[in-house]
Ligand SMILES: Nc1ncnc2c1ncn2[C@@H]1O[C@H](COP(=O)(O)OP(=O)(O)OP(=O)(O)O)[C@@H](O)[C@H]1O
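Okay, so here's just one chain, in structure tokens, the form predicted alone.
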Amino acid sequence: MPRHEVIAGLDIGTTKVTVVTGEIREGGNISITGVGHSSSAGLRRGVVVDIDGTVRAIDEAVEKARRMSGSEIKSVYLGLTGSHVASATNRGVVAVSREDREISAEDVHRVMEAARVISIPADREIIHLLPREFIVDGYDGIKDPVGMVGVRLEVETQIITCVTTSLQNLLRSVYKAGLEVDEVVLASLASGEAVLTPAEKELGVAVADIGGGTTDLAIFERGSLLYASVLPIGGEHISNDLAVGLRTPVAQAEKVKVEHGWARVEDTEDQIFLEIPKMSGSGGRQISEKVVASIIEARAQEMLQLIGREIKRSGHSGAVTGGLVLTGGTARLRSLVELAASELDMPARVGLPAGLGALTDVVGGPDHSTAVGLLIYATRGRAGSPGSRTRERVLGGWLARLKGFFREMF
């Protein structure tokens, strides 16, 4: 039997660490082989605040995935989130180098490098340089110009940056857990790979990956990333509101949200009552499901309004003709999709990873979108695309330096 290459995606969230492993089969298809989860308390809004706690959570999740898959995990594709993430656009222009004016792969790499020349603060790093479209002698909308004939080659790119120290602390946690990093990938970009159809990405759609402490927003159009940002609000804010409103521990509030929560009061009934433990732990009281939903709905409305405002602030609201796709753990909340459709006046659905083989039932939920998307991103990157060598140059240099630095320390 031929041996298939094993890859792993690592999603380090505010409340949970997820590791998903898979094998790359013939034709570039992925077969999920293992998954591991662990509770996370080392991050706040996507930023590491406790390295040792994060390392322990990574170790636990990796060990569970290793046991399920039966394969050693030595390196990972790492998802990145946090309010320090920002996006910008830039354009590069070069002259076609060959005498016969045929555009070569090297011309593509040169124009991508030209687009990389952008002024950013000294405390930030470029993690993605993504081509949105190429322009040959004024003709735009070109996805791959190699082989075409022209004199002037331009590219419009989406550049994703992050704060260097926040990234270094995240990488340090992964290296201390004994893992190498194949590539750092924007979490919302990975989620989009997992839950969007090619038709949606071409038409124009927004993805909101609502995690525990943050919401990763990405807008896609014409098959590529158009805008990305991270909002400092997530599912744990709903749990905290429930804990205060019901006067119960946060852990119990989270359980109530998951098992009995609704995002709209109109979908609940007065006759259904829940037993809510008191903060002291002794005894409890009866609270109607409608009261619980009223607390959740207020925070969910605020969350959706923030998403709507961010879409408008991006300047690309007109591109979101395909509506909003909700994913992440909080997307499991009952009637959240219906609330989103009414609040934002656009189509909405829950985004689920699909086509994952025998473990679809295990990793097919919205809370696995980022981890699964990291594997899909890895396979598509290895298949080759315009600018892929430039991406390796952008990432390879500083990743290599950081790896050497951490090896010396540990």
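When you see a residue number, it is the position in the sequence shown, counting from 1. The structure presented is a predicted model; accordingly, all values stated were derived computationally and were not measured.
In what follows, reference is made to the form predicted in complex with the ligand, a form of this protein that is not presented.
Asks: Based on heavy atom distances of at most 4.5 Å to the ligand in the predicted bound form, which listed stretch, 124-132, 153-161, 94-102, 205-213, is the contact stretch?
Replies: Of the stretches listed, the one contacting the partner is 205-213.
Asks: Among D107, E236, E200, E193, which has any heavy atom within 4.5 Å of the ligand in the predicted bound form?
Replies: In short, E236.
Asks: Within 4.5 Å of the ligand in the predicted bound form, heavy atoms considered, which of A319, I287, A114, V258?
Replies: Result of the distance check: V258.
Asks: For G79, is any heavy atom within 4.5 Å of the ligand in the predicted bound form, or not?
Replies: The answer is no: G79 has no heavy atom within 4.5 Å of the ligand.
Asks: Find out whether any non-hydrogen atom of L333 is located within 4.5 angstroms of the ligand in the predicted bound form, and reply yes or no.
Replies: Contact with the ligand, yes.
Asks: Might E183 be said to contact the ligand in the predicted bound form, defining contact as any heavy atom within 4.5 Å?
Replies: Contact with the ligand, no.
Asks: With the partner left out here, check for me: in the predicted bound form, does some heavy atom of P145 sit within 4.5 Å of the ligand?
Replies: No, no contact at 4.5 Å.
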